[in-house]
Each structure stands twice: as C-alpha cells, then as structure tokens.
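One chain is shown next in structure tokens, namely the form predicted on its own.
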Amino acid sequence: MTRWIDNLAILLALLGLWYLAWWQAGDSAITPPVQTLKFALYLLGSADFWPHVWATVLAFLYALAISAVLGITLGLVLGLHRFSGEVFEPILASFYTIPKVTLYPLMLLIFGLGLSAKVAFGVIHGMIPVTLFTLAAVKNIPGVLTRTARALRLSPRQTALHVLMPAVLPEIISGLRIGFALTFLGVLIGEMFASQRGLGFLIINGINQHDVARTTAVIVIVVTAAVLANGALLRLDRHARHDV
C-alpha cells in the first residue's frame, strides 16, 4: 500500500511540474497533460501510427538480442581471463562515456539508412553495460564457491550450472536491465538520424515541423512504455537477488 501511495505522489508531482513547465513556456514548447493524453489516445487509435511502432519494436528486439548475446559472452570471457579483463575493462568503460551520437557519420557510412543503422545504434549503446556487469559478476565470484565445488568433486558442467551461474545471474540481470533502457535509447537516436520510420523519426519529424502536440504525445507514449518495461525488469531483478 505504501508503495502505491509513493508512486501516486511521484505521479502527481510530475504532473505538477508538467503544468508548471506548460504555464511558463506555453503551447509553442509543450502541450498540457490533458491535451497530450487526448492526442496520444488519438495516435494509438490511428492506423498510420502503428507501422512506426512495429518498426521501432523490430529494430529494438534485434538490437537487444545482439547486445545481450555479445555482452554476456564478452563479459564471461573477460571475467574468466583475468588479464584480459584488467586490460579491456577500462577501455570499455572509457568508450561507454563517449556520446554515441558523435559516431553518427561513421555508423551512417557503414550501415546506411534503415534497419541496420538503427540496430547498430542500439547495440553500441546497450552492449557495453551488459559486458561490464557480467565481467564484474564473474570477477567477484567468492572463492569459497569454487573451492566447495572442487571439494564436492563437481564436474565443470555441474560447477557452471549449479555454482557459478546462480552466483552471477543477479548481476547479469541488472546489466540486462540497464542495457534494455540504453538499447531502446540507441534505437530511438538511430531513428532520429538514420531512418524514415519509427517513433524516433516521428519525434524528430514533429520537432522539424514544429508540431508540438504530436511530438509531446509521442514522447509521452515512449516514456510510458519504457517506464512500464523497466518496472517489470526491476521486479525480475529483485526476484533474482531474493532467490540467491
């Protein structure tokens, strides 16, 4: 009950800030919540809107799958090979701090316009946090676990499945949760710069045409979907840590 009250208080505070921003900036910069909600419902009921949604979802699923597979694999390899991990961890962390939009000309040159560019933008945003979280999880496995596995004469497969995997799984899920959000952000950025379809394209197109109502409504739809998905992943993350 307390959590619901806290969430309601946060929502009311955000709506208050939204109204204050609209009161200060006016309709030329942002639309008020009620008007935005009406336009968002109109978009959700429009047949022209959903092809853009599916374009974003398709690119995001491809990017998320690639980010997860490459990130977990690379993190496991670097975590198990300590010297490689010590060499590449600061390099990956440094690359993570670079604004990825500065790589737009290079990405456009390599992948061109379309789905491949959006997926590439998503992968370069989401893969690194998954790699770093997985690497840290493997590096921080307590030595007592591996010693216990040896004492019990477990096979390498049994050790990996029943000892190592439960130990690293919570951190990997945390990395996937962060990677989920950043992959989605990367896909939207890719659609803004390298696509003619998708929610990111609708946002940048609305900005270029000064269509404030459409831009605000699409942003609200995107933020709402992202918050709900992140909430579900956060519950999964807490559940995984509780089970360890």
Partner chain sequence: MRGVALTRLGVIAAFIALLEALCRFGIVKPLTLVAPSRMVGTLIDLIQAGDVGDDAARTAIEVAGAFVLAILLGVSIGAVIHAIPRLRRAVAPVLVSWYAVPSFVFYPLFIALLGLSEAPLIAIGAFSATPAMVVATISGLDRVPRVLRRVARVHRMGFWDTLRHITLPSALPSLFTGVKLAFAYAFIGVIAGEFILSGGGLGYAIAYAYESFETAKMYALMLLVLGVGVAVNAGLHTWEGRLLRRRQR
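Small disclaimer: the values here were computed from a predicted structure and weren't measured. Positions refer to the first chain, counted from 1.
Note that the form predicted in complex with its partner chain isn't included here; everything after this is about it.
Between its partner chain and the residues 145, 80, 91, 161, the one pair within 4.5 Å by heavy atoms in the model of the complex involves 91. A single residue from the set 30, 217, 64, 202 has any heavy atom within 4.5 angstroms of its partner chain in the model of the complex; that residue is 30. Annotated contact segment (heavy atom within 4.5 Å of its partner chain in the model of the complex): 183-191, selected among 52-60, 65-73, 183-191, 39-47. Within 4.5 Å of its partner chain in the model of the complex, a heavy atom is found for every one of 99, 103 and 106. At a distance threshold of 4.5 angstroms between non-hydrogen atoms, residue 234 is in contact with its partner chain in the model of the complex. In the model of the complex, at least one heavy atom of residue 207 sits within 4.5 Å of its partner chain.
Although the partner is absent here, residue 178 sits close enough that one of its heavy atoms falls within 4.5 Å of its partner chain in the model of the complex.
Using a 4.5 Å cutoff between non-hydrogen atoms, residue 87 counts as a contact of its partner chain in the model of the complex.
Heavy atoms closer than or equal to 4.5 Å to its partner chain in the model of the complex belong, across 16-46, to the residues 21, 24, 25, 29, 30, ordered by sequence position.
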